[in-house]
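Given as structure tokens, the chain that follows is alone and in the form predicted alone.
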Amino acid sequence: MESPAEKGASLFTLHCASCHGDNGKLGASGAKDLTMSTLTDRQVLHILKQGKNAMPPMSTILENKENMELVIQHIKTLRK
């Protein structure tokens, strides 16, 4: 069974890395460099729920708040 950190990384790889890249720096389709992000967990959760610019809302894709929280925790590991 995956640990929470592994599950967050897996969800990110599956649903986010195509635009943000495995390391958060890809920037495809105008995706933000996640290593430079200073957003709070609440702000990131809002973007995951609502989408932003070319990024669609991810709430249906990620299925539930627990998965969104796991992705947020993974994003924070990418920051400098």
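Heads up: residue numbers just count along the shown sequence, starting at 1. Every value quoted in this text rests on a predicted model; they were computed, and no experiment measured them.
The form predicted in complex with a small molecule exists for this protein as well; it is not shown, and the discussion that follows is about that form.
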Even though the partner isn't displayed, in the model of the complex is S18 close enough to the small molecule, meaning a heavy atom within 4.5 Å?
yes
4.5 angstroms heavy atom contact with the small molecule in the model of the complex for K52
yes
At 4.5 Å between heavy atoms, is L62 in contact with the small molecule in the model of the complex?
yes
Using a 4.5 Å heavy atom cut-off, state whether V71 contacts the small molecule in the model of the complex.
yes
